[in-house]
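Below, in structure tokens: the form predicted on its own, a single chain.
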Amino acid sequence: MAQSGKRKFEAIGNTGFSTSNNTEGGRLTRKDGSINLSKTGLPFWERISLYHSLLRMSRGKFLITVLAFYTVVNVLFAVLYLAAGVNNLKGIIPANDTLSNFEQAFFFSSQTLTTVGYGHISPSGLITNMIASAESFVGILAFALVTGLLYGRFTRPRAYLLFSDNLLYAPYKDGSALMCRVVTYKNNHLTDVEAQVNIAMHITDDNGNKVRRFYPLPLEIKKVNSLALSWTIVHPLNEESPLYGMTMEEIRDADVEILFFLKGFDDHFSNIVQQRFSYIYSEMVFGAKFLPMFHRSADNTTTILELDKINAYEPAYVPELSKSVVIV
């Protein structure tokens, strides 16, 4: 149980994370939403799903991977053509140096792999024709797979949610609250967006052991019908909060991590999308409030949402922080 003043709170036991203080390694959730976890105990090729890796990697890495695969396959087949003899490639201009012959075999391989076949060079003999036939088959399979991956990457549902860099300890009504801001940064639209927020914190149990416990954080509004503009997610620091009455130093010593789980319906994908995010103590700003990030257009015909202002905040007075050193 966590103790805040005289109130106790029931911990969550089904988060999927360990409660042992001796098994953790840094934050639970990385800034990109992935779980901070490394798996061992099995060979690398059994722990890796190539399909998932190719779908999730960045555009640059994906293009480099495809280009590397294309180059390696052409190099291997060019070596096979050279091993079979350059005299079995009609139209090739034999040279005295291996590099020139390899260059011609490499470009013939690229033409065969892509089934372009300009006709300048053609295979001759059983062995060379078998190599060319095998390469054409590999090319058909490879381009089918790459096309499928491109389609999968292009159509994979994503939330495209942008979170503020900081979690603010801000004034709220007659007290205070924790606030973060989230917005969709693409031209997609989410409806029925629901937020769930948990906190992981270190406490001392009844036996004097340091353990990690998870508690739900009640929200001012946990669901919005439409995420058209920005949404400031607010957790009031009242008697229903596990953090109620805690000072900055106590929050720091508890080594807190606040976990956000958002899901909503994307009407473009016609599917449910979700995204994770988290904040640790060093990403919290005490005594601040967010500045507006949308306004009316000059001609009064539309609303302007300024995405570059999602992190904009200003100092704000919070009475209960007056006993602590205010960090802004």
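Note that residue numbering begins at 1 and tracks the sequence as displayed. We call the rigid core the largest set of C-alpha positions that still match within 1.5 Å between the two forms. Since this is a predicted model, take the numbers as computed values, not measurements.
The next section is about a form of this same protein that is not shown, the form predicted together with another copy of the chain.
Among N101, N238, N166, S122, the residue placing a heavy atom within 4.5 Å of another copy of the chain in the predicted bound form is S122. Contact annotation: L307 falls within 4.5 Å of another copy of the chain in the predicted bound form, judged by heavy atom distances. Though the partner is left out of this view, Y160 does reach within 4.5 Å of another copy of the chain in the predicted bound form, counting heavy atoms only. Among heavy atoms of S176, none comes within 4.5 Å of another copy of the chain in the predicted bound form. Contact check for V79: no non-hydrogen atom falls within 4.5 Å of another copy of the chain in the predicted bound form. Considering another copy of the chain in the predicted bound form, the lone stretch of 140-148, 166-174, 243-251, 203-211 in range is 140-148 [heavy atom distance within 4.5 Å]. Applying a 4.5 Å heavy atom cutoff to another copy of the chain in the predicted bound form picks out V66, L67, Y70 from 66-80, in order along the sequence. The Cα shift for F269 between this form and the one not shown, taken after rigid core superposition, is 2 angstroms or larger.
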